[in-house]
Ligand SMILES: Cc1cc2nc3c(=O)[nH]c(=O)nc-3n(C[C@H](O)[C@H](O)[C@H](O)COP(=O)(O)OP(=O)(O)OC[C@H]3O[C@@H](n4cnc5c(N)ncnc54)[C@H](O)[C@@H]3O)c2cc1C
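Before any questions on binding or motion, here is one chain by itself as structure tokens, the form predicted on its own.
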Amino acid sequence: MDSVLVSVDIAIVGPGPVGAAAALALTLDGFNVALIGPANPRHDGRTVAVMDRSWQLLEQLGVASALESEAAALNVMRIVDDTGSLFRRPPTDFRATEIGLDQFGFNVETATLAKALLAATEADSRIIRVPQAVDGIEASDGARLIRLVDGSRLAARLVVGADGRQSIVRSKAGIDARDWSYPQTALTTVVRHSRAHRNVSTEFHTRHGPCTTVPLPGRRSSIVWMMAPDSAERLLAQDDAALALAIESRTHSILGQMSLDGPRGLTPMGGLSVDRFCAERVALIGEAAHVFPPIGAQGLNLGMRDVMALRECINPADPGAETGLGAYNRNRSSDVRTRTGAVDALNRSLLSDMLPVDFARGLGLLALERIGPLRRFVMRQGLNPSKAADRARDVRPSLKA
């Protein structure tokens, strides 16, 4: 008979950034936590913009200080309509100072963030680290039994699925997901450039999707360039000098001469949504619950908001209790579905050359450019949807770029 390895309050499946952050946060709340799964950080030139509220969470977890030298502040987020549309608008700038912040957040390489969070979980003796894959999940009396690939089992009163788009937790819990793809692939890399970025992130909207430059420390920036899959494969096959020149051309040389300064990778673009965010003694967070293109720096930050909402909703006496999970489901439904719909609509509008769609997109950018209260509302919603009207809080000092 299979043995039960250990019994815990909460088992988190998936040791990526969102899963590791959840383990640290829920341990702080006094729960007995296990973090399950092999770590496999990707080194492909991807970075993540950790927005203000998510950065506050990293500070609370004691991880932000380890990232400071590797992170660059995001003071301005600029949108440039580069579609060639008849209705294109001049660049639209969103400035953090407009909403009382020194910066929207900080940009850091994804692998660096993942490594720092995982190291923090391994240094915390209160977290049980189980580096094995999950083979199955079964219902039990007041708990869930997780079967590992070696045949051993772990009992938990709540199982949190943070195991990504192909989540075994979601599948075993019977939570339905809708999965879709876009005719796009994102090429990611890091470049060094001759001009200072001045802590400005620039998102060029093209007919194949956005091409975004995001600041890193020094005269370095990350690149996320969405394009047709065959074009991405051709660019990936080019040598460093040719790829850097192509990126420089696509970004209109706003950062001057470029050279590659990191690995490169391709990520097919797609989306995923779930019909519910929890089941009996199961909750989903991160990409197990939502996936969409890297537009507007919402992906990881939405996952971090999942963690914050889970902490607020679950019952301290029984983290898997139905009442707490019901509250979590209601909390996440509005936030996630609104953002998934907005990002999907914007991305599809860029891929369309229909004049009414171009007109609507241009009108939206014009409204954001000309109507200050609307622009500030959108910025606050992007950072902190649950407290968008809260403007009176302490602002942390900027990191030096």
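A residue's number is simply how far along the shown sequence it sits, counting from 1. As the structure is a prediction and not an experimental result, all values here were calculated from the model.
As for the form predicted in complex with the named molecule, it is not shown, yet the points below apply to it.
Of the listed positions (221, 188, 202, 103), a single one reaches within 4.5 angstroms of the named molecule by any non-hydrogen atom in the predicted bound form, namely 188. The partner is absent here, but in the predicted bound form a heavy atom of 299, alone among 262, 299, 217, 324, sits within 4.5 Å of the named molecule. The stretch from 330 to 338, 48 to 56, 22 to 30, 63 to 71 that comes within 4.5 Å of the named molecule in the predicted bound form, counting heavy atoms only, is 48 to 56. Residue contact with the named molecule in the predicted bound form: residue 134 places a heavy atom within 4.5 Å of it. Using a 4.5 angstroms threshold between heavy atoms, residue 34 stays clear of the named molecule in the predicted bound form. Among heavy atoms of residue 160, none comes within 4.5 Å of the named molecule in the predicted bound form. Taking non-hydrogen atoms only, residue 206 never approaches the named molecule to within 4.5 angstroms in the predicted bound form.
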